[in-house]
Every structure is written in C-alpha cells, then in structure tokens.
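Look below for two forms of one protein chain, each set out as structure tokens: first structure 1, then structure 2.
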Structure 1
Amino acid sequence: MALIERYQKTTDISYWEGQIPMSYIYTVGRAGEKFFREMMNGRIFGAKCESCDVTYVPPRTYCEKCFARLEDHYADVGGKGTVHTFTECHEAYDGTKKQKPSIVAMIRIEGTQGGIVHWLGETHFKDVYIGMSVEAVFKAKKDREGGILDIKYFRPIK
C-alpha cells in the first residue's frame, strides 16, 4: 500500500480477538519510592525544581517545565493543603452501595503543584467547599505500609 492510500475498513488491519495473556510488574519508580517511603514516616514529600521554583506533589524525576533532573531535590512539603475539587461517593469500588457515603477530594498541598486525590474526614459533605483548608491525618505508625492509604484522610483545619 502506498503512503497516500487509506484503509477502507478497520478489519483490513491486523487485530486480535479475545484476550491477550500477559504478566507485568508495575513499579512506582524512584520518585514514587521516595514518596511512599516517607509516607511511612508520616511525611508528604515533593520534588523541587530549583530553576523554575516549582515543587511537584507527587514528586517527579524531571521538571515538566524545564526538564531539569529533580531526583536529588526532594523536600518535606508538610501535610496542609486546600480542596481543589470534591465529590460524594455512594458506591464502593466494586459497585456495591455504601452504608454511608464518603467524600473524595483533590487536595493541593500548600506551595506545590499537582496534588493528592484522597478522602475527606471529620466533616460533612454540606460543609465542604473549594478552597477549604485541610490537613493530612496519618494512620498510627505501626499500621503504615508505605502507600497512599497511610494517610487515613484529610480533615478541615479549624
């Protein structure tokens, strides 16, 4: 087929019907590993670009503005942030109805770019608003496993 010709039917192109068996290993990468290791210590870490003066949460390996390497520029960004957007969930991940709805929000950590999607706690849906100040509530140290769920939820700062 010449470069300027087009396929008339998508079935003229090779395709696979059914399932493709494959196995894979997903890793969080070096920046993600630092982020989750620090979660075990009750801290949220970001990666700071000295050139752009931007701190990314979750941390990245390279700055998305100038492509500077950020791997050696991790910093504790604290646990306070603001609600960027939110919703109320009435179903669990498997589609079953929850006994009590939960609130999920995109939290922008103070002084950073990016954010964390997580639950809100110690509040009611009617009281949540965009721009609301919140702080991370971590599980007890003995219960932390080095994952995002080491943060139980974010609660309003009174």
Structure 2
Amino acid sequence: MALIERYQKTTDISYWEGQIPMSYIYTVGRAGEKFFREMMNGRIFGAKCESCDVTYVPPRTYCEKCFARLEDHYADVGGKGTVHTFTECHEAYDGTKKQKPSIVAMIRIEGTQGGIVHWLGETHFKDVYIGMSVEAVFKAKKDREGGILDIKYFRPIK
C-alpha cells in the first residue's frame, strides 16, 4: 500500500515540479504613509485614541477597541522605550546557521501601549534584560528610504 511504502529517492516515483508564480506589492497604507514619512525625518509616530486612552505605535487609522477614527490624532512619540522581551537568534529563516547571532527585542515605546520589534545593537546578549531602557538609532538621513530599516537598531541608553 502506497501510504506505508518508503521511497528512498523522489525519482523512484513520477513527479513534476511546479510553483505558484506570485509576487506582491504592499502599500504602506494611510497610517503607514505618515509613519514612514516621519521616520525619514528621524521621528517615530503613533496614534492616540482619547476615549480609550491608548496610543498605538505604529499609528493606525482606527482604534481597534472603540473604532474611533484616529487620523487626526497622529503624534510624535519620541524614540525611547524599554525592552519588553527579547531573544538571541542563531538560525536564519531558511534554516541556515547565522554567522553572527542577532538580538531581537520587542520595544515598548515610552508613554504608549504600542511597540516596535527590532534589533538591539551596541550591546551584548548577556547584558540585555527586560525593562532595559533603549533608544532608536537611525541611519544617516541620506540613506533613509521610508521603511522600518531606516532604524538601524535600538541601543541601550547610557
């Protein structure tokens, strides 16, 4: 019975190769337009819902809790935050060993309920702790492209 046979080579059985021929263009959206344009200015923006007293980072066009429209409530939230949680990654997304492990952290931006997932830099894994104060380090202005990698990483505030 086929289901319990063990083939040693895929060429032992008939097959053909296929692919799904798709690629994508993702717009950053209305809130994303604000977020990334400001990022090119070296600023991190959020959106505040007054009635829920919540500030979302990155900004959104709407409050998910009460559905208020937030497009008139975008605000600079500064570049500082705390490490909410973190890890050190040794393997890349394709399963290969990384040459140099990277530290990934969820950073809660100060004064907000939102956050950004990013790399930590200018530090060592053994020195990182939950609650550590960090700040965004931006690329040089001429190198910014309006993407999340305009932030190089977050680093400890000395």
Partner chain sequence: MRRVAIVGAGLTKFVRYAQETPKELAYEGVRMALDSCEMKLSDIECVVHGTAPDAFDGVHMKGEYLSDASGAYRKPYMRHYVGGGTGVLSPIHGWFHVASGMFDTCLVVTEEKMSCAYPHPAGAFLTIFDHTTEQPLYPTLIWIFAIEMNRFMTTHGYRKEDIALVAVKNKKNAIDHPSAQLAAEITVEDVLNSEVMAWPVNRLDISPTSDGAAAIILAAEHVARRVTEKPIWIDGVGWALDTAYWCTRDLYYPDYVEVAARQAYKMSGIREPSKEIHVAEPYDPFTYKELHHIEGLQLCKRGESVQMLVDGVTQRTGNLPCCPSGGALGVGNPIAATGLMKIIEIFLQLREEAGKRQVPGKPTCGLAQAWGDLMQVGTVVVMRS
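By convention here, residues take numbers in order along the sequence of structure 1, the first being 1. Predicted, not measured: the structure shown is a model, and the values here were computed from it. Between two forms, the rigid core is defined as the largest C-alpha subset superposing within 1.5 Å.
The chain appears twice here, and it is structure 2 that represents the form predicted together with the partner chain. Annotation: Cα of residue 140 displaced by less than 2 Å between structures 1 and 2, core superposition. Core-aligned Cα shift between structures 1 and 2 at residue 23: this is 6.0 Å.
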